[in-house]
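What follows is one chain in structure tokens, specifically the form predicted alone.
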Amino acid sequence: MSETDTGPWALEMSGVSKHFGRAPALDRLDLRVPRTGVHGFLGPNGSGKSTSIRAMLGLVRVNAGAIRIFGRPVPAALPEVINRVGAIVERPRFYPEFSGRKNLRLLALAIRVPATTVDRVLDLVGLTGSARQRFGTYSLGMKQRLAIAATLLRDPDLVILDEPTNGLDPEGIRDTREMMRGLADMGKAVLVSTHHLGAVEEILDTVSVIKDGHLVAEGRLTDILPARARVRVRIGAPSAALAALRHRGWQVTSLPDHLEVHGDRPDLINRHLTEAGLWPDEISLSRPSLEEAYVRLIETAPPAAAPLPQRIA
């Protein structure tokens, strides 16, 4: 095992700051991406995700902090590990009159990858049947898949995708999602940056959530973004029901047309109400989506650091 193969992380960022003018784009950002699996890099637009990715790839020089890919410092040792990284930061340009296969063959020739690799990556992204079709006739989803195929020519261990589902229709989102999951199942680390949790939540293993350039939370998706259950109660005597349930220890919120009880036991809530001589008209269990939990997490995150008093060169 080589030096670059040690440690649990494919990518680490420690205390990374980057300033454009007085305001920080990245504010002492910490990020850890496991060596395998799909890692969601989540945050609203303008939170610093794209700047972070450019820093990872040595395209942006940071003002403070450390970045390591497979244990090697970036940008100093980036040439040692760059062939193990495939990334889409912006949509790559392909020749519209050439077929998907010919575009990839030209790229493979330029980066000195065997031509036989082209058909393998086309198969990985599900474009074998469209390989002879002109790129200019591809749908947006197919173009995205060809872009991902281009990143796979070197068989990277770490794949970095910046907003890969932007602009895609539901079928394109599904195909891209399945592709990312398939790459992770092959043992690769996939870092997907997005502000649309709903498009990728079902394939994520771990996540980092950032806001205003700093880390808000990290860990397994369901651990840091719990979708807490609620029981909706409609009843003719809401004030009496509210008092009865609170007396039994339930956390209850009174809303205009129903009571919302924190928990996932409608059977127990119904029993406590009937024991108090109250009979609900309706009891139903609801679980907010993880996207709703993510939005709440972002909204309640601490504010960003104050702007710097002077410009940092």
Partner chain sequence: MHLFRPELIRLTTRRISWISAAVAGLLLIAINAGTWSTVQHAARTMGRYAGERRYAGVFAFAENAGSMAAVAGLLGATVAYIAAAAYQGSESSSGALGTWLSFVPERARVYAAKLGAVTLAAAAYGTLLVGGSLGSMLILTLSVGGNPAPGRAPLYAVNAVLYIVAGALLGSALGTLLRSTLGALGAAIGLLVLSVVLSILPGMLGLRTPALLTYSLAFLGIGDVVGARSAAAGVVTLLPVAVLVAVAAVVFCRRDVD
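Quick caveat: nothing in here was measured; it's all calculated off a predicted structure. Numbering follows the first chain given and starts at 1. For clarity, a rigid core is taken as the largest C-alpha set superposing within 1.5 Å between two forms.
Below, we turn to the form predicted together with its partner chain, even though it does not appear here.
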Inset, instruction - Could you tell me which one of 232, 181, 134, 72 places a heavy atom within 4.5 Å of its partner chain in the model of the complex? - result: 134
Inset, instruction - Taking 4.5 Å between heavy atoms as the contact cutoff, choose which of 96, 129, 170, 187 touches its partner chain in the model of the complex. - result: 96
Legend entry - Listed range touching its partner chain, judged in the model of the complex by heavy atoms within 4.5 Å, from 247-255, 55-63, 22-30, 266-274: 55-63
Legend entry - 4.5 Å heavy atom contact, residue 206 to its partner chain in the model of the complex: no
Inset, instruction - Please check if residue 117 has a heavy atom lying within 4.5 Å of any heavy atom of its partner chain in the model of the complex. - result: no
Inset, instruction - Using a 4.5 Å heavy atom cut-off, state whether residue 150 contacts its partner chain in the model of the complex. - result: yes
Inset, instruction - Using the partner position in the model of the complex, report whether residue 110 sits within 4.5 Å of its partner chain, counting heavy atoms only. - result: yes
Legend entry - Complete contact of 79, 82 and 87 with its partner chain in the model of the complex (any heavy atom, 4.5 Å): yes
Inset, instruction - Establish whether a shift of 2 Å or more occurs at the C-alpha of residue 192 between this form and the one not shown, with the two forms superposed on the rigid core. - result: no
Inset, instruction - Could you check whether the CA atom of residue 99 moves 2 Å or more between this form and the one not shown, using the rigid core for the fit? - result: yes
Legend entry - Residue shift check between this form and the one not shown, rigid core fit, residue 209 Cα at least 2 Å: no
Inset, instruction - Work out whether the Cα atoms of residue 75 and residue 110 come closer together or move farther apart in the model of the complex than they are in this form, the change being 3 angstroms or more. - result: closer
Inset, instruction - Regarding residue 186 and residue 99, go with closer or farther for their CA spacing in the model of the complex versus this form, the difference being 3 Å or more. - result: farther
